[in-house]
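Encoded as structure tokens, the following chain is the form predicted alone, with no partner shown.
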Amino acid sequence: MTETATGTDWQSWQESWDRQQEWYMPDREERFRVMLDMVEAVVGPEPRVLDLACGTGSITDRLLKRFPNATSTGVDLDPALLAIARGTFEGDDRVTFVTADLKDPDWTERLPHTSYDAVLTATALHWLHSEPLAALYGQLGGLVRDGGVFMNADHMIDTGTPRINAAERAHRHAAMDRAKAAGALDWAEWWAVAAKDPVLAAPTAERFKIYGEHADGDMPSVDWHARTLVASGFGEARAVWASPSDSLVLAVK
């Protein structure tokens, strides 16, 4: 990464994060497009959004580029990714970032609003085991306004299709190996670069104290997510997009 005359080049960090994530998920931008299509379809083009487990603010970035009159609250616990997010959106009064642990039963008290038109999250909640995830969904049932939406794009594994799962994984990993040979950074390598950066070194060290190398969460099926969301107070829920390895579940309050 580079340093500009006035400070850290946050946009370069955003782009490098996107490239690292796309190495794992080549359909990532398509997921975001469908997510925002459904935001517009259900709650309109000027939503108040909660970017849940926001990381560097990838959803917020795409939200505001598509819907300039939207607002976003990003919430996360990772100090390094939040540093990138805050640096990227500094001075944009449409965006607020909150440091909070989603496993803390009182995390919603840190938010600037008591309800949202849309709560959006991607590639994040698989860090939670099913029991705390179900508890989180219960909280979201009270946070999304009537008629509002929750969307979760993530790895959701159907254990009833082991041969399909194995074939997909082998095919995907072969493509990842080719990209790696061409110079793509994986998760561990990206964090190694961040750990050497003069601005991100300290928050990177702190995030590894919080999380370790990677959290040991669950990846339940689409059906589990839909059933749990309906049990949490949403009126209906189902997948609205899927790739061979990922799904996007939409719940309407």
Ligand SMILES: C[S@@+](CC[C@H](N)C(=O)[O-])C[C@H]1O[C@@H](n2cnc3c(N)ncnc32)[C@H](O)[C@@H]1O
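Please read these numbers as outputs of a predicted model, since none were measured by experiment. Residue indices: 1-based, along the sequence shown.
Here the subject shifts to the form predicted together with this ligand, a form of this protein not shown in this document.
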Residue-level question: is T123 within 4.5 Å of this ligand in the predicted bound form, judged on heavy atoms?
yes
Heavy atom of S58 within 4.5 Å of this ligand in the predicted bound form:
yes
Heavy atoms within 4.5 Å of this ligand in the predicted bound form: does V49 have any?
no
4.5 Å heavy atom contact, M176 and this ligand in the predicted bound form
no
By the heavy atom within 4.5 Å rule, which residue out of R145, R172, R94, K103 makes contact with this ligand in the predicted bound form?
K103
Scan L140, L133, L81, V149 and let me know which has any heavy atom within 4.5 Å of this ligand in the predicted bound form.
L81
Contact stretch among 223 to 231, 63 to 71, 198 to 206, 24 to 32 - heavy atom within 4.5 Å of this ligand in the predicted bound form:
24 to 32
